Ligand code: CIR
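First, one chain by itself: the form predicted alone, in structure tokens.
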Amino acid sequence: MFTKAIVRKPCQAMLSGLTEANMGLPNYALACEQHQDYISALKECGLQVTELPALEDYPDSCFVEDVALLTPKCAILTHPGAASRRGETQHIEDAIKAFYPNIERIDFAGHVEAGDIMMVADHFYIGLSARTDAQGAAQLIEILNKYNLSGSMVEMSELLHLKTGLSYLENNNLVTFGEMRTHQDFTEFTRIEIDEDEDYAANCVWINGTVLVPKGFPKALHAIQQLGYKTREVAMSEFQKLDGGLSCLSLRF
């Protein structure tokens, strides 16, 4: 169960955020509307939401998930692989300190973005990507082990982040897309395969029995509903333009 979330208001500089989506510039006003609806969805799932102010110096700063990993036992500030995002960790630290006495850090020898990390019970799968390297992942596993948690590295080649192609919905159910459909690290899960034309919906979020699903992907929505989950659609078009998904917009704990 989750009880809290931390989000950050989008900044106007998001128009120059990192992206490979080739979908055009986001509409800032619409992004703010969608962000407020996202917060409403979190609250509907029973979360107390801390909303942090926009950071105009960091175009991608609304994607708070990447700069910290919040576990049941500690918080870990990451060292993002994207150079333009590395200053964001210092701006999230105070908000996390309000809830976590134990704060660890990935040092500058390695890179980690938490969009590459998927938690399943006490185990953390860490995708090796352009943003998360083996040195950073090794540091992360060492920190997790200190708190009797475990981690493992996942080899991947096609995805921006691990959770671009994977979402764990509890109850052994795993939403998958692309190379993750048949990945050897996930054979023990019940896999729900997302069609290529709805690949964006592979990033969805389980919160206290409800699954947040990006709006506009009916096949994915139906597949998740068929498993018996309550669902809540959230419009994400402006964040999709910046390669951002539902999980990216909050730290849930």
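Numbering starts at 1 and runs along the sequence shown. None of these values were measured; they are calculated from a predicted model.
Below, we turn to the form predicted together with the named molecule, even though it does not appear here.
For a residue to qualify, one of its non-hydrogen atoms must sit within 4.5 Å of the named molecule in the model of the complex; none of P10, L30 and E238 qualifies. Among heavy atoms of G115, some come within 4.5 Å of the named molecule in the model of the complex. At a distance threshold of 4.5 angstroms between non-hydrogen atoms, R85 is in contact with the named molecule in the model of the complex.
Though the partner is left out of this view, R131 does reach within 4.5 Å of the named molecule in the model of the complex, counting heavy atoms only. Using a 4.5 angstroms limit between non-hydrogen atoms, L251 is distant from the named molecule in the model of the complex. Only one segment in the set 30-38, 62-70, 206-214, 222-230 has residues whose heavy atoms sit within 4.5 Å of the named molecule in the model of the complex; it is 62-70.
Scanning 230-247 for heavy atoms within 4.5 Å of the named molecule in the model of the complex gives L242, D243, G244 in sequence order.
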